[in-house]
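Just one chain follows, in the form predicted alone, and it is written as structure tokens.
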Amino acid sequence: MVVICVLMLIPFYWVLKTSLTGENIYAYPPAIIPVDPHLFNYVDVWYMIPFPRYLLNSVIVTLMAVCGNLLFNTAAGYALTRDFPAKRWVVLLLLSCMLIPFQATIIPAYLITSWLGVLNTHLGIALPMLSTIICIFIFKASFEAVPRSLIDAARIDGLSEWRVMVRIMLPLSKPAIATNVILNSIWSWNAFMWPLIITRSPEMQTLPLGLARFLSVMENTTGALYAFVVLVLVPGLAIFLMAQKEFIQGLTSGATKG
């Protein structure tokens, strides 16, 4: 496992090393230890373009996407644990929608966003990411693992369905919540095509769009590009490392019995 971990971390180490040295990535033999490391590339990234503005836009869009997913996915996941007419067809419809790539729905998504009047806004960027089907099924599997007797006892005590979900289901579904937060944070943080289509002004661009603009400004882009990549990767890696245990439990929820 140690050997595998080392092999998996080599690309990350190489990106970090190149961002600190700006060396030629095609040089042979490659230097294992950084030679004359410096932070000039990070300074260029911060000041050559409005990086703080791009960072703020990405943070706002990511928070909106995560909060929307927590709200809609928990409600949909809990509804799918209940019995109602045509439940099987609803599940099949959701599974079928997972087969449709997002690129095929961009035009109707754009028309709906335009009709709502949220073009070139944070809400418009986050709108298609406010709910994800895979996370709905993660919550469904987590809710189904809760003992039925506990839910029946809560109903006998007079709790409504919403209070059962909020006070019983969610506290017992922390792995599913962590999985939802991590997945949607990464997906919304790295989104490129939809923000490119929906934004009209540079002030509304997110970090992936800022990277494209940065490459058009810089001439020697190797070290600066890798510095930009490191700055973009750090938040996602930090979130994953803080909740990796719950993330793994959330993905494996319902896979075992007992």
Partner chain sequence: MPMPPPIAAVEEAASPSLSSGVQLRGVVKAYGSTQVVHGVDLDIADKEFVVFVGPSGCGKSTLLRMIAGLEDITGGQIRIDGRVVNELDPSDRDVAMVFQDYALYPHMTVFENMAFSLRYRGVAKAEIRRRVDEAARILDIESLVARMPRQLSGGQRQRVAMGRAIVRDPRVFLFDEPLSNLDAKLRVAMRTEIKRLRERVAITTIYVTHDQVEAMTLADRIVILNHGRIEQVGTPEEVYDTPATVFVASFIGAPPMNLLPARQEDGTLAIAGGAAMPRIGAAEGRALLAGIRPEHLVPAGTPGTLPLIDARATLVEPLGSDTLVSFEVAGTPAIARLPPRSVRRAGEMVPLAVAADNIHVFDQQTGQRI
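Positions refer to the first chain, counted from 1. Remember, predicted model here, so these are calculated numbers, not experimental data.
Absent from the display: the form predicted in complex with the partner chain. The rest refers to it.
Contact annotation: the partner chain lies within 4.5 Å of heavy atoms from the stretch 152 to 160 in the model of the complex, the single such stretch among 71 to 79, 152 to 160, 175 to 183, 109 to 117.
Candidate site formed by Arg148, Ile168 and Pro171: every one of these residues places a non-hydrogen atom within 4.5 angstroms of the partner chain in the model of the complex. Contacts to the partner chain in the model of the complex (heavy atom within 4.5 Å) from stretch 55 to 69: none.
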